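Only one chain is given next, in structure tokens, and it is the form predicted alone.
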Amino acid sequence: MAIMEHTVNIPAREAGSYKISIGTGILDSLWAKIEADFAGCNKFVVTDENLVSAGHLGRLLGRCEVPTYIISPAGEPSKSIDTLISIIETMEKAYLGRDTIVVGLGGGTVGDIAGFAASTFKRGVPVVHIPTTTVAQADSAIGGKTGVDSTMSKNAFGAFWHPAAVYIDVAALATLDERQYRAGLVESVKHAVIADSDYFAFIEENIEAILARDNAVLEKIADCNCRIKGGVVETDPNEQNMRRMLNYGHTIGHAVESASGYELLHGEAVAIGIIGAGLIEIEVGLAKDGRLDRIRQILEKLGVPLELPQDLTENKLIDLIKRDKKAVNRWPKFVLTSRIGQVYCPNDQWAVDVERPIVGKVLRKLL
């Protein structure tokens, strides 16, 4: 079977680079490759109950007996310090040491927790990601961001810990429920908006095939996402400047996600955040309505929410934006675009100041 590969170069990392492999139906033969690529390492798998019930854990391991931690319940509610501690103590009980490699099989929550656990266990062991959701295959498995939530905000604890390898099987998306599938595609739309107008046009033209989960189209989507995100991460692995562009739609989006008590999925909240960013662009004179209309049409076809839930208030969201992990003096900068495929970058700054009254006005428009 054909496999596409990308190499992400991280000079500050000991190994110097890691590979992203993309294919269809590769999960069944993947464990043998991991054993060969990381011979001499003990393996520890982190996954969740959804991956067990979908059969993906069994497909990956076959008859192999490997120490495994199954996150329950699946999803954001388990993305906590308590889960992190439980994973690390499970590794200790299995007598694992610094010769261990952690394998994260699952979506964004699994990847974030598995990566954070790897970064802290015995002062750091490698992690391999096998993303099985649209959001993880597009975004969270690539780039080395790890973390868990506090009781007040998203990703309050975390570390940069780049993977040793990433393996993407687009066929794994076949078992993903429709809401998760569609919400995760928002990250793909984001990549197109910030970095590639041709990719944006491809999504526009192929949206029906994407929604039908056509594997050939999904491989193209994965390839574009990895090229875009991998290129940004190579340039700015620890988010000192350029990598901020990947937060497009996320400043408002993370606040919305937290304020909803995580009843909104990450991609759903980011979709609202992308509309919010587009409205800010109009307010500050960077765009006219037509550009946002094109973005809105794709998001509408994905069926994700584009307005704030009625029980969320402007004041609550402003308070959460003040707590954003990128905030300085209780207010973050915002990523904006000058056109589809190009981030607004005055004076080589990839995130810019936006006055609070403008953000408040936009939030009221989103209600």
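Numbering starts at 1 and runs along the sequence shown. For clarity, every value in this text was computed on a predicted model and none was experimentally measured.
Heads up, the form predicted in complex with a further copy of the same chain isn't pictured, but that's what we're talking about next.
Interface residue among 180, 155, 260, 78 relative to a further copy of the same chain in the predicted complex, by the heavy atom within 4.5 Å criterion: 155. The stretch in contact with a further copy of the same chain in the predicted complex, judged by heavy atoms within 4.5 Å, is 325 to 333, chosen from 325 to 333, 43 to 51, 299 to 307, 63 to 71. Contact annotation for the candidate site: 17, 25 and 230 all lie close to a further copy of the same chain in the predicted complex (heavy atom within 4.5 Å). a further copy of the same chain in the predicted complex comes within 4.5 Å of no heavy atom belonging to residue 190. When contacts are judged by a 4.5 Å heavy atom cut-off, residue 266 does not count as touching a further copy of the same chain in the predicted complex. In the predicted complex, residue 210 stays away from a further copy of the same chain, with no heavy atom inside 4.5 Å. Under a 4.5 angstroms non-hydrogen atom cutoff, a further copy of the same chain in the predicted complex has residue 93 among its neighbouring residues. Interface residues of 78 to 99, taken as those with a heavy atom within 4.5 Å of a further copy of the same chain in the predicted complex (partner not displayed): 81, 84, 85, 88, 89, 92, 93, 94, 95, 97, 98, 99, in sequence order.
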